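Given as structure tokens, the chain that follows is alone and in the form predicted alone.
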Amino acid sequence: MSHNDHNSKATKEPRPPKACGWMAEFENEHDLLHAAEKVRDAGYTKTDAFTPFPVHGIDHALGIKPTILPFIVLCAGLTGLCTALLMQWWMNGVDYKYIISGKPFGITPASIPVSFELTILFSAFTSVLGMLALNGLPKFSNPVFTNPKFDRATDDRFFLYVDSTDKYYNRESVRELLSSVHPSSLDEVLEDASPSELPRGILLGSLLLVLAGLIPAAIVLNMRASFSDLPRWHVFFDMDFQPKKKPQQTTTIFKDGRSMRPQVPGTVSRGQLTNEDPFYLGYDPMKVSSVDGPRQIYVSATDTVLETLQPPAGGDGGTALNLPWLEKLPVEANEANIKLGKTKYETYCSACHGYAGFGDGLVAKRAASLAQDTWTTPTSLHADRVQKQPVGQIFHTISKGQGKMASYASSLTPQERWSIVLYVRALQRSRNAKIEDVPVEQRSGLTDAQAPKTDGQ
């Protein structure tokens, strides 16, 4: 065999381009719809229409059947739902039983969020991937692009295409059928005759890009797996190297040489207003320095004692605090505050102090029946020393606690605590009332047992 024979076999003769179908061009959507209906009635199914805007009724005119994508998405959503439920049942009910807030093992209402998320996740991915698969995408080339007239499909022309893969396709029959609807032009669609092989330069460039993309990943992996005494490499400096002065550093900007500036006199720190307001303390902090005797100054936000002064030497050693207590209630003595104080008192105080305030609550009775030495009898609110206490001191006791009585500052708002003080005053007044305290028009309705005592009785 000669060398020329080898060359002749190695050289491929160009073959004529393959016919892919016929494409008809129309000037308006009405002609396109009429032609599509005629092609559909002829039995062709491998057809498509290209329009510059959505045309109502084109699906029916082409005979396109409803897609099965919704059914596929439904199945995917149910699969995600079952996957989430089974996963949570297995994890919490079988594989690793763990009690969380008393919830039962397995599937509970708490499983709904995860089930919802997996249902949406499976449905979303199936919608995208199913759409691509049913439409035969991605498709990097289409033979209709070989016709230069097709560029006007996005402007002002309408095209109807019949594919040669249709089972009823016949070249001459399709041409005659499309000619009968009087298109503006009728052209046979030929496959793209350009080489299908990618140029070697593109392949080489793509390979270089892939290799270059691996370099940052390799650097990151090396940095994570190695140790270095040098500062880390900053891609973005952010605020790490900004010109600034840290607290306690010196500076030449200000005369005192301090970089951290002191507060302006009279400034109240955010969230610290309660430290200076008698409504939140029960006493006037501005008058504390003028009072002698034992006192404790608190920070209300943290209940931290800032200052403690012991009784003077030679005193009786009493523990009663001597502070400038509020003598007048800072809340209005109205029916709403009385009802609020009654509700909160019966909720938080009556268990020990009793509903009437005599220190005979259910907890106190139970402790007395056990006869244990560790129990301290609750104070009667009708005792003389309690009745003589200013309202601010009672508020302070509720807020800070007393003896074995815990603080209720975290459970009751200042308004609620003052309402309890108001209700305690009402209880004390009710047990030591005089006939003059009863309105004249209501005195006649009182029995001898109900009538308050007068001073002479």
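We number the residues from 1 along the sequence you see. Remember, predicted model here, so these are calculated numbers, not experimental data.
Below, we refer to the form predicted in complex with a small molecule, which is not included among the displayed structures.
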Segment that reaches the small molecule in the model of the complex - one of 398-406, 44-52, 61-69, 31-39, heavy atoms within 4.5 Å: 398-406
Residue (of Cys352, Leu177, Leu326, Leu323) lying close to the small molecule in the model of the complex, criterion heavy atoms within 4.5 Å: Cys352
Proximity to the small molecule in the model of the complex, single hit among Leu118, Leu381, Val189, Leu340 (heavy atom within 4.5 Å): Leu381
Partner proximity in the model of the complex: Gln372 to the small molecule, non-hydrogen atom cutoff 4.5 Å: no
The small molecule contact in the model of the complex: Thr165, any heavy atom under 4.5 Å: no
Partner contact for Tyr348 in the model of the complex: the small molecule, 4.5 angstroms, heavy atom: yes
Arg385, heavy atom within 4.5 angstroms of the small molecule in the model of the complex: yes
